[in-house]
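Just one chain is shown here, as structure tokens, and it is the form predicted alone.
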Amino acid sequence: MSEDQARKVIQTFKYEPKRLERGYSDRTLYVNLSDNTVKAKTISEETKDVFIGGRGYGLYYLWQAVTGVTKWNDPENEIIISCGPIAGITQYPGTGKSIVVTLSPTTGTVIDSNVGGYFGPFMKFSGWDALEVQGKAERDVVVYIDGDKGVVTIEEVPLGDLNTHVLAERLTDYYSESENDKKNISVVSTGTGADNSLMGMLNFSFYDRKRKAVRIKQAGRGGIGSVFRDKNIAAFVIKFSNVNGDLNNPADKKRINDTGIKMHKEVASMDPKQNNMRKRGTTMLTPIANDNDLLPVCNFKFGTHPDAVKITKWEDKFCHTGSDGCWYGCTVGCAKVVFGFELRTGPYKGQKVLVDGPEYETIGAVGSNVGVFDRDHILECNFYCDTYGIDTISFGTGAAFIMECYENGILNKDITGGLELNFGNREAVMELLHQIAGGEGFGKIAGQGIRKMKKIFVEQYGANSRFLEDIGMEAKGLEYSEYISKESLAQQAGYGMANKGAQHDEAWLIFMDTVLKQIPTFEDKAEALHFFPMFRTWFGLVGLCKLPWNDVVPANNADTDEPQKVPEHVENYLNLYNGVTGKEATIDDILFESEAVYNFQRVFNLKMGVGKREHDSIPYRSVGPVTVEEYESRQERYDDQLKDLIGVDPSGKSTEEKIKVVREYREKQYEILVDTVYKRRGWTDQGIPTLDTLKRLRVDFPDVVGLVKKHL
């Protein structure tokens, strides 16, 4: 960084960079932007033992910071970033994940979002297990951590355009001393969309040395970026040099090396035969979803479309030079990129830009779900969502909801300011996105998310509230990710019972349930809805990506007793965890650790007013056909189910009558499964963890018990 550039340092905190021991520094960096306090906090052994790291640390610190009436934009709300003991090892694929935790603008309760990129590992190697930021700055600031020198500053620097593709590049240049130094910089930023909507997300950067470009990964869900900008944070920036495989100072490095070598060989040999993510990234899911009637089309009405073939192939768009791992050592390399894409709309029209992605979720959200089957549109929307700091899932699912309302006469051009928001109108989709980012026109309403839009449409435009509840694809205030769950009871519950709202990362069971049919009974589904959320919660505690677990599997996996769990990879993770920490944990031990944090988060929801059975309800669109059009598009399927499952002869019945019978049956099935899951988890019939469950899991802290007792 050039010293003659304008820079106003508001606060400086010096610390002694600390050697990690067995994956931990045992301290947190606390920053309060209201009074510019910067200090170190010691993490106790008890806290580490119960909360482990990552999401656990985020929940622990946020619980202490807020009350049950704290709002997302109150100064006491915090943003916490943490990654866990395994994070940052370079010997095994998928170890660069960190978790961001805050109170969500859309759900009103705690949200967690996992993200790749270099920031989390750099922060850890700089001597911090977590970054905890509270308060609000008076004007836009950068929080800069120099992990090489042991200095943290709050400062004002030249910013200009706050949109990520400009700002992340500028700050990478600003804080690096040479081209080679750029690889040591990571920036967390967002954009104008986070200023002007409730669906803002955060971009975590990493420098692609071979392509000489700043790349980004997203902490997308729940409006985290909106909290970031409400605190007047322009960016977090970190610098750390000399990454190597020993920085975690693991208890048994050989164990880690041996496990990593085995996994790298497996990825190289099996990925090309299975999902080919090294060339296709997560776009490989698009044709699979379309072929299995799982791809959301036109606000989740349908699961497949003949034009979907136009958006299933992406290899010819991707730049295949260099590595696509978002952290060192990841041979899965799913972080794909398109270079030189020329923009057709918006403030950067005509510019050729880099587009990180698209991911499957983005393809579903801003492509098929809004009825647009055009790759260039998806790339354009992907780029602008990223640089504006807008979650592609919430935007796409929200836009699809608006389009169905428009086509049903709830909205019209007078209300939308001239936007013709029919399915398939890609120009209107892009204009809506630009309006959201600018806080203009109908975008001011659209940017509030589906839950708030439903209320507005009923109160101001006279919409039928039941119809909106049926088609508004959100749960707990979080927009649905991109899977049709109508034929997967387990996935319906996976969405409805997820602690943070309708996101698949807790329990992605749709293939097990509908395609492979591995969990036929209520008890089977309930067991899956216990194991998978707990195991995937553990990834978020220790700093792991999910993809190397079950998207690439050993050649003999199908011959194992529980192929859906990929037992050899579970053993790999135990070797990594024990190799870093020196523990000798079993699978039961790590599931216990996750269960404790998971139940604590459930109680956190209760603290914020959303932790009961009524809050695990889901829109009927995710359960079955709402409209005549939906039913008749799959009439043979639904008629057969009426006869074979429900015992009702469909002959002579109108479509409306058949929809009613199917709905009664499916809603009852959902409630039976909810009861079964609650029982398996040790919760009451209202979805509250019992005192015995909290005691067994060692989270029976006095304030937790006192809160739960009020609701039992």
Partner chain sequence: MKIVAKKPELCDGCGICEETCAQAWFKEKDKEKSAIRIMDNPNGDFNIVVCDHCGECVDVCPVEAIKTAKSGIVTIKDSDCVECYSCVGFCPKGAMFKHPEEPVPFKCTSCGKCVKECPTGAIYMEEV
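Computed from a predicted structure; not experimentally measured. Numbering follows the first chain given and starts at 1.
If you look for the form predicted in complex with the partner chain, you will not find it shown, but the lines that follow are about it.
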Can you pick out, from L159, V570, V243, C319, the residue that has a heavy atom within 4.5 Å of the partner chain in the predicted complex? V243
Give me the residue from K265, K273, K149, K352 that has a heavy atom within 4.5 Å of the partner chain in the predicted complex. K265
Considering only heavy atoms, tell me if Y328 and the partner chain come within 4.5 Å of each other in the predicted complex. yes
The partner chain contact at K413 in the predicted complex, heavy atom, 4.5 Å: no
Does any part of K71 reach within 4.5 Å of the partner chain in the predicted complex? Heavy atoms only, please. no
At the 4.5 Å heavy atom threshold, is K253 in contact with the partner chain in the predicted complex? yes
Can you check 383-391, 573-581, 328-336, 589-597 and let me know which stretch has heavy atoms within 4.5 Å of the partner chain in the predicted complex? 328-336
Select from 625-651 the residues with a non-hydrogen atom within 4.5 Å of the partner chain in the predicted complex and write them out in sequence order. none
